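Single chain ahead, written as structure tokens, the form predicted alone.
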């Protein structure tokens, strides 16, 4: 393929096989030809809303399955396979290299039967379609809120914006576990702990599914980016069950509509062709009623293996299903019953969700509405994590602030996260840190902006300033989705967890000029803070804070909002406190320990522990008690503790409950997160709060019996404001 071919080829005849071999440079040329032709404007979804299902009453899944079986029983093999195959054509998909998922990707639409397709939209940060969707903080930042109720409201907003733009399936619920913070797509998930992942992911699902279907991804063990298409993950059964699957099970129990398989292999089999994952565990053991869809283009490689494994829908193009699956059935390679089962699941899911949402429909004016903008601001405020605040560097006193220096290229950049692929949201505006700060200060306060290149010329101004705010960190060039066939040359897994050298040098330089320095960290994955943080007064992590990030930052810096975020990951002191990570590995082994589990095991002194976050006030925890200290294995443990605000300003904190196993006879983590609760308190106010979890949650996976087992022994409960031992108070109980 050469450039002349790209200019002359009939783009309506390009096949799936042509597409996956096509260099990105040629694809871009063809994509521009397609867009210029106006062809895409003529490509519209033909079945309106839910088609023949619009008149059906609300149904349970079982009732929907019965209805679906009646339809499936009279369909031809071509029609059945059509439910499993995309309607989006190669021609319609090629412009994705210019703007991904601008309109929904459709699968399973049947005009003759008036059966609607699933209409897919992506976006863990917001709906990627169109050019005016609300951009929320990335999932990792929202995890720092430790606020499932807020996440549920965000999910509802995303569901509304998806429906208003023509989609009915939202694919942005990512719950892959952060095994190592160098993972390029760390920003798309909720951190390193399975319980936190499950709580936040299921909350997003509940919100979305008030209006649309939700899809959780990437199932399973997808925690590296550069090698995601080829890497084979080896994992023992205990680690798989206790570390890498619980959060997916939580989402399935929340009745999620769809599960997307991962690209990687597990124990030698691609996830999209892995019967053990897709059928044995997901469908048979967990009783998942919904549909399994493939990740895009390379989601599976073998038509027959995928069909037998339990892959219901190929996305976004009919490359290995479609005619190839029809041929496989006709040749006797795939039984018709396999196809009927998949088609029944697909149609039943559509029927079940056809009554979800408003009968009055959705208005495009609801996209990035004032209410959703306010929600984005609330999330940005609650997601900021203050990890250092020496000698009350923050908050700044607005009335006394005469001159403020703001430094760093990222201070004047709309830095909302990954700008490629499934995370690229196009909001109507973005408030940068510099804009937010300037808008929040009176004209009498002088705000001077500079970068590492101009800082030398500003030395006198810096010495005279009341404070210096330095905004540094990561952007889409440093981390994010890795698309090798696009030859993008950016993003992917990180080679280093350090700040860029120029950022470190900037901080060191400023520290010789001023004593009141606030460093604001942007990015999706963990950044090491040792030893440079000892040179500054305050460090505030804002992550990728969304379209209202600058507004939120200014509010926190000036004390209008008291930071309450808690780390959803551990910040190690050095990389050797982490599991091994090779972004180009072809074979990896995932073991039982990572994050705070590994830090506990090795008694590591980390920079900042999982669950940690400071406030402008001080909270205490006391009088921990249990409803009962002897509980049966099928019971529920309830712990109560008194939380008090002993400081001078109101604020919120997150109380965390962990379980420990002092008398266990098997290998366990030192502790596991089991419950948490946000608490809001006025100065001097105290509250007695309770948290509960089912005793079955402390079970371990017995590989000998291939089942869960609760040890009848003594356990320990740890409760406090972070996972650090010194922050926790404890009490014991016995399972009888």
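This structure is a prediction, so every number in the text was calculated from the model and none was measured. Residue numbers count along the first chain shown, from 1.
One more form of this protein, predicted together with a small molecule, exists but is not displayed; see below.
Undergrad: At 4.5 Å between heavy atoms, only one of the stretches 499-507, 574-582, 115-123, 455-463 reaches the small molecule in the predicted complex; which one is it?
TA: Checking each option against the 4.5 Å cut-off leaves 115-123.
Undergrad: Kindly confirm or deny that 171, 218 and 228 each have some heavy atom within 4.5 angstroms of the small molecule in the predicted complex.
TA: Every residue of the candidate spot has a heavy atom within 4.5 Å of the small molecule in the predicted complex.
Undergrad: Would you kindly say which of 481, 273, 314, 548 lies with a heavy atom within 4.5 Å of the small molecule in the predicted complex?
TA: Checking each option against the small molecule in the predicted complex, the one that comes within 4.5 Å is 481.
Undergrad: Counting any non-hydrogen atom inside 4.5 Å, which residue from 418, 192, 295, 493 sits next to the small molecule in the predicted complex?
TA: Contact check passes for 295.
Undergrad: Taking the small molecule as it sits in the predicted complex, is residue 203 in contact with it (heavy atom to heavy atom, 4.5 Å or less)?
TA: Answer no; every heavy atom of residue 203 is more than 4.5 Å from the small molecule in the predicted complex.
Undergrad: State yes or no: in the predicted complex, is some non-hydrogen atom of residue 422 no more than 4.5 angstroms from a non-hydrogen atom of the small molecule?
TA: Answer yes; at least one heavy atom of residue 422 falls within 4.5 Å of the small molecule in the predicted complex.
Undergrad: Does residue 142 reach the small molecule in the predicted complex, with heavy atoms at most 4.5 Å apart?
TA: No, residue 142 stays farther than 4.5 Å from the small molecule in the predicted complex.
Undergrad: So in the predicted complex, does any heavy atom of residue 260 sit within 4.5 Å of the small molecule?
TA: Yes, contact at 4.5 Å.
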